[in-house]
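To begin, one chain is listed below as structure tokens, in the form predicted alone.
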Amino acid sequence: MKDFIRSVYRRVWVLPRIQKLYRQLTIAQTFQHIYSTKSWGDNGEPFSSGSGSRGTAALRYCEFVLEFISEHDVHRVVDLGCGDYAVGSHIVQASAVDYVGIDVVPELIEYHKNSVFNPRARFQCADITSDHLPPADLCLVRQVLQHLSNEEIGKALANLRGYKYVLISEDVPIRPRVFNRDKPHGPDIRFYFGSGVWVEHPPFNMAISKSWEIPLTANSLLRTVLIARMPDPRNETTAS
């Protein structure tokens, strides 16, 4: 009963107020505010991407990505929403790939540029929904889309066309009540409403090649899907 009351309180009182605040901000302002207020926790460092970037599930994700890199002859990785670089650093250190971390928060990117000295790792400030993204063999999007609105997710997916391989990972409920419930961008996720992001379902309707699941809690899992050789409509238009 306590868990039920707590859940209702979060959905009815807490989340609407959080969404009202962030709805007024741009995407960049939103994530600047999240990091500056440590909305995802405090790991003792200037920037924290929260518990999802550390722990058993994060390590299992890294092992999976490293295996994918080896099996598919990947030489360059772009990590969209690299955050505090906890996951990215593990991938760089355990492989020979060239890594580009992308994030929309300028202060975070400058911090990485001044504190990460691996010659195979570099960082770039960009909005994945609108800015030009660097080329790569593999594009990683881990627990990023869940913080965006459906419209912004659609723009981000369109911006990924042309990558040979895209791995999209999302925190989703084991027994969803609905797919892709819309929300404004912000620190919260759809899980609290029994939803999540499934890019193969409306309104996105992406064709996925494979999917993998890593348990997170008794009620949630980290679901990763592969989108291979995403078609670029600009090329199709030119060809016609």
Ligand SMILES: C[S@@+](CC[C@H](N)C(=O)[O-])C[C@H]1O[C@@H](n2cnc3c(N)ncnc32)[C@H](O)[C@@H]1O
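Note that residue numbering follows the sequence shown and begins at 1. Keep in mind that this is a model prediction, so the values were computed, not measured.
Below, we refer to the form predicted in complex with the ligand, which is not included among the displayed structures.
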Name the stretch, out of 90-98, 125-133, 67-75, 160-168, where some heavy atom lies within 4.5 Å of the ligand in the predicted complex. 125-133
Position in contact with the ligand when the complex is considered in the predicted complex, options Ile214, Ile27, Ile208, Cys62, heavy atoms within 4.5 Å: Ile27
Does Val104 reach the ligand in the predicted complex, with heavy atoms at most 4.5 Å apart? yes
Might Tyr192 be said to contact the ligand in the predicted complex, defining contact as any heavy atom within 4.5 Å? no
Is Trp40 near the ligand? Define near as a heavy atom within 4.5 Å, in the predicted complex. yes
So, Leu138 and the ligand: in the predicted complex, are they within 4.5 Å at any heavy atom pair? no
For a quick check, can you give me the residues of 24-53 that have a heavy atom within 4.5 Å of the ligand in the predicted complex? Ile27, Phe31, Tyr35, Trp40, Ser49, Ser53
